[in-house]
Every structure is written in structure tokens, then in C-alpha cells.
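We give C-alpha cells for two forms of one protein chain below, kept apart as structure 1 and structure 2.
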Structure 1
């Protein structure tokens, strides 16, 4: 029977002497983390070696290891210690399943390229996010139309740049494009965050040649949330050259972001110029008609999937749609909350019921951005946005400018330097001065206090 003394207290326990029942521990993982997380991540963990005070666990790839360590390791160690108190750490071993594969491989099923030992597509192409279940309305019909045209190879613009706020359907459209053309193209679909992950990983491994080859060989390159490269100079440099290489070889590029190219902060001008050089289409917030269509479609999906009968009156649906003012994700979340209440209490809901159920949701402050503050302040004082952001110091312009800076500091999470940059690249000390000035005036001047409160109300309501 084998025993290996690596350290004074770390005695290897042979398989015959293992004190831990790994199947029992896995059951505790499933109970604690839930079926979805367990099936996706923790089920693949194996017990490789057991020592007196630590374990070596096997995982299939480095990405699995990094993901588990960053999100679940503390809780895993806590659960395992419940079975063996002497344990104080966990180490991971990468179990190579396909050692003969090269750095690059092609998934023959989906034809979406993958990097070895990694789940490249953090938001992997989802068969449910297709054109057929994308609900069209006035706010998104232009973006939808041009997304379809990209798939038909009937366009003369490159890149296609889709912008809009959070939860309005940008990722859905990008995913639908990928699904539609993947059978005839080498499709790369990745988020800007994952692009950065592989970039950093390749630098650390001194493997930039493979990184460049890998990302520049696709015939269709789809990248989501490009605003993520903001302020990351080395990443922007690599993206710039990747973009140019793909354009030179005639690859189609599709990009999404939460704002137009010109409004991307701390992004190189040459990148913004290239992003704006194709076609920029905007997805706006859904109108009442589209929100009602989305609610009705979602109800149909739930009924078909779970064989559940749902009764919501047109009045209740209209109320939910009219009161939900941010994005489609919030709208679906509100609907789920209403339906859950209806199931528990087994009753048809009235508008009064919904008001009570959703009072904490609909009374919360809406998402407020620096752009929104600037627009509302300039409209409130009947001056142009260009004048308010200019270098002119006349009182009719300077005071509204200071109010906008004050509100940006009080009502957003932006830092002082970030706010300064949004006001024509002013220094952060200018913002500090504006905040102090308006704070003092709002305490001493009733008119100023009234103006501030009215503008705040406009920001919350719109």
C-alpha cells in the first residue's frame, strides 16, 4: 500500500485508504449550488489525490479551473471541510482530454472556432436567439433589417455596428446572424471581454503568434460589447490590427456596443473612425406596442413549454408594458414576478394587484447617464448642448454646466475624471469646483434648490 510523505503533515492517502466519499461530496455541491451550476461546472470535477490537509482535484481545462477558482472555490473548500476538518486548501490538475490537438481546432458541428483548453464563446451561439423569435417593432426594425441583409450577402457596408442600451436585443441579433450563416462560413462569435481574456493569456504564455493567426482567420467576425476595450491601450492596439487584417481579407465584421462609435470613451480615434466607417444602426428603447407584443409572446412560450394556462387581461398587460420604462430584460423580469404571484395565490390579477406587487420595482430610480443629464439640463435651460459643453464662461452657460456636473457626480457612478472628460475634456478639479458651488447655492438659494429638484424629477421620470 503506497504512502508518500511530501511534507511533514501532507501524507498521501492511497485509493484504498481514501476517507472522502467523492460521490457524497458531489451531491452536496449539487444541493448547495443548484442543478444548473453543478451540471455546467462542478460535475466535471474529479478527486485525483487526497492528502491529510489538502486535495488535488481534476478539471478538464484551464478555463474550467480559472472559472471555478474565481467563483466557487471558497464555498467548495467550506463544503469539503465539512467532510474532513483537517483540509485547508485545494489544488487543481488539468486533465488533458485531447492532447493531440493543436492550439486551434474547428468544431465540425457548429463551425465556430474554438481555442484549445478554453470555452471560447462565453456567450456561445444560442439556438434560441434566432431571427424567428426576435420580435420586431419600430425601435429595432432598422437594426433587424440590416442584420438579415448581412446574412444574405446583399450589403455593401463593413462593419455593421449595432448600438443601443442594455437589454434591448443587440446580443440577440448578433447571435441570430451567427446562427444564420454558420453553415457556410467560418464564424467567430466572441465578447470583447473574452477577446481580452485570450489576449492576456497569450501574452503570459508568449504565444501571440497563435493568437493573431487564430482571430484573423474567420470569414465572419462578430464581437459583442466593444465598449469593454475602453481605456485598455494594449488591447485596443491588438484589436485595431485584427480589425484591419480582417477587412483586408474581405471578412464581414459585426460589432455591438452600448453607444455610437463617436461616444466611446477612452478609445483611440483611429478605432472609432473605423467602427463608424461602415453602417451604424441604433436600437432604441421599445415603445408600448412592442412591449405588449413581447409580453404576449413570452406568455405563449411559457404556456407551450410548461403546459401552463396563464390568464392576464389586456389591461394588466398594458399596465405592465407602460410602467416598465428601461429595457426588455426588466420587462421580462417584471412579467415573471407577476406570474409567480399569480401561481402562488391562484388568482387572476387586477391592476391594483400588480401595483402592489411591483411598487418597489416601478418606484426605483431609473438608469441615469451623463448623456441623459446633459440633454435634460440643456433643454431645461433652453440652451444648446454644444454651447453648454463649450469653453465659453458666460453665466447663462456656466451655471447650467455646473449643475450638470453636480448631478453627474450625485446621480451616476462615474468618477470625477470621467465626468470631466464627458464635459469637453475638462479637468477633474473643474468638476470638484462645480459640485461645491452648486451644493452651496442649493442650500442658500431657493430658486437653485427648486431647479435642482425639478431636473432630478425629469431625470427619474424619463
Structure 2
């Protein structure tokens, strides 16, 4: 097996765009977990560094970190995502025990979510997302069986393209493939977004040769969320060449996306046809049976891992499964919330308890779109949407416009250029300026803080 020297090629991407207000987030921890858990644990977490897609949080000791990871990480991630949707993982740094950088290593974590040693590695496989804990149901059996076949090398579809909506298990499957063949292959696993960061960084550092080399070395190339290349011409160009050269040398390519190749928007036709050139399989929304199986399995995992006795009646399990309608990520989030509640209150839950808990959860995860933000913000300030989007610079229009851009960045997963386009085709630098301005004002100016909070609650409620 060819080993890659990651250190040499490593490119560490830092996106300086701090927008989170940690105090506000701490308040939400307190509300969600209750004062007891908050003061004994969560209050001691500090925000060390904020990147576009992940946070580095400071904790006092290893034990502390392990405890947080095993009990609260899913929920913490879900909550911080509520403040900044682009976040997809959390890393920890131990602040007092050891002053040197001490990030969690991939294999060190025993449970949950996407914590990986991003700094040392491109290949960010998560050992918790494997075939053994991927549960089969009608909605995913085809994708699962082809993923296994790719690993067994019995049939070769190249590329294997797995598509489906958010939270249905695509990243899990891709990870499982990577894990199961990494010993015999040079596996590269990367999200399209990361691929772009490395790409841009390499251009800036005038280091494209290394970049090309690095990605073209793999014998298995797994790329997650390819829809991200939408509208990014030079990235598509680079991807196209990487793709072709990997195919030429017979590397296996596995791709995921939120939709079928033909449905990708603003992606070159030649790329779409390459993507569709192997096998396209999709994952559908889970049925009730699969959701129940997943809940039961999760409960089992927690019991085994933490020697914790959990009793949820079948009735309650079916209720949770049937109420959680959109996807599996949400289902797991809901389950964690229910379990946290039963832990704190030390009681077996009834359907009525669940109803109450879930009412909150579902309110929080209502979908927030740029359109919705624009409508609510313009209503809030009593100006017309046309005026708010116009080129006029008068402050009574400019401020609401900036607030709407700021919220679009914080509360949706749209990229800066995408947001710019939605605001009458403005440039992404205008959006950056708006985000910075409003972040600063919302710290300095009580009136602004109040406005933002009120608008946020309107967005969540409606």
C-alpha cells in the first residue's frame, strides 16, 4: 500500500470569519440541558477558534472531554448549527492539562458525530460510521448492497454515485466504504467543499503540482457532497481533470450528492455525464420500520457503551419514529433529546412527555431559507422587499439588507456567493462586509442585538 506523507502535503485552511456569539450559545446550552448539567459541564467549555465548517472548543481535562463527547456532543453540534448552519463538526482542545495542541484523534473517540483530526489528515474517515452499524431498510438496501460490492471488488461500477436528501446516510455509507478498504488501498476521502479549500489554497501558494499529485495518487477516491461544485467553474475544471486521470489509472471513484447527476445545477454537462457513467443509486426517506430499528439499535449502543439502563416503551419508540418525518439525522437528534430528558428527570417517559419535548425540537429545526429571511426582515422593518433588495444605499434600507445577509449566512447553509446572488446579484465581498458589520454591531449596540434576537425568534416560530 502506498503511504501518503500527509504532513508534507498538508494544507490547513483557515477561514477567518468569526460570527458566533459564545455567550448566546452558552445560554442555549443552559436552556436545553438544564442548569445542573450546564454548571457542572457545559459552562466550562470555551470557544477557542471558529472556522466556517467547524469549531475548536476548549475543555479543561481529557476526562472532561470524553464525558462531553460521549454524552452531549450530538446535541451541542445540533445547537451550534442552529446559530451557524455551515458547521458540521466540533473538535476539542485541552486547555489546562496540556498546553500543547491536543485534538481528539480519530480512533480515540468512542462515539458519535464527525470529529476528526482534520489538521493532520486529508482522509477524514470516522471509525464510528461503518457497515456494522449501518442499518438496512427498504429505502437504502440498494445503495448499501452496491457499496458492499464495491468493497468486495466483485463488481466494478465506476463511478459509484450515491444520491439522496440530507441526513439519509450518504456520508455514513461513504465512510463505511473507506474504512472497510483502507487497509488494502490508498483511500482518499474528502468532501467537495474541502476539496475546494485545498484547491484554492494551493493556487494561492502556487503549489498546484503538489495538489494534483496528491489527489491523483489515490487508488480509491471518495468525494462527498459533489453538488457543492455547482457554479464554481475553475473547481469543476480541476475536478474534471482529477476525475479523468483517476479513471485512466483505474482507481475506483465513489461520489455522493443530494440529487441525481442530471439534476445538478450549474454543473458542466461533460461532468454530469461522467458522474452518471457508472452506477447511480439513491437512498430514499426511511420508512417507519427502519426508523424504529435505528432507534432500538442506538439505545442498545448507548446501553452497552455506558452501562446505562434505558427503558423506552415500544409505544414511545413508535411515537418518536412516526413524529420524526424528515431524516435519520433528525431522528437521532430527537432520540438524544428524549434520552437527555429521561436522564435528568430520572423517569420512564410517557407519550405525553415526548410530545412536549418534541414540540420544542421540531420548532428548532424548521427549515429556514434565504427567501424566508428576506421576507421576515423586510416585514420587520416595514420596508418593501423590492426596496430592501434595491441598490439604494440609504441607511433605513441598507441596514435591514445587511441584517438579512448576516442571517442568511448564519442560519442557512448557503455560501457567500450564493447569498450575494440572492440579493440582486451582489458580490460575495458585500456579503462578507455585511456579516462583519452586523456581527460587530450586535455586540456593541443593544438595539441591534434586540432586533436580531426578535427576528431570529420570528424565523424559528413561523
Ligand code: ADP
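Numbering follows the first chain given and starts at 1. Nothing here was measured: the structure is a model prediction, and the numbers come from that model. In this text, rigid core is short for the largest set of C-alphas that superpose within 1.5 Å between two forms.
TODO: Compare the two displayed forms of this chain and pick out the form predicted together with the named molecule.
DONE: Pick structure 2 here.
Task: Rigid core superposition, residue 263 Cα moves 2 angstroms or more between the two structures - done: It does not reach a 2 Å shift.
TODO: Examine residue 181 after superposing the rigid core and state whether its CA is displaced by 2 Å or more between the two structures.
DONE: Stays below the 2 Å threshold, so no.
Task: Rigid core fit then residue 243 CA moved by 2 Å or more between the two structures - done: It does not reach a 2 Å shift.
Task: Angstrom shift of the Cα atom of residue 378 between the two structures (superposition on rigid core) - done: Spelling it out: core superposed, C-alpha of residue 378 shifted, distance 30.5 Å.
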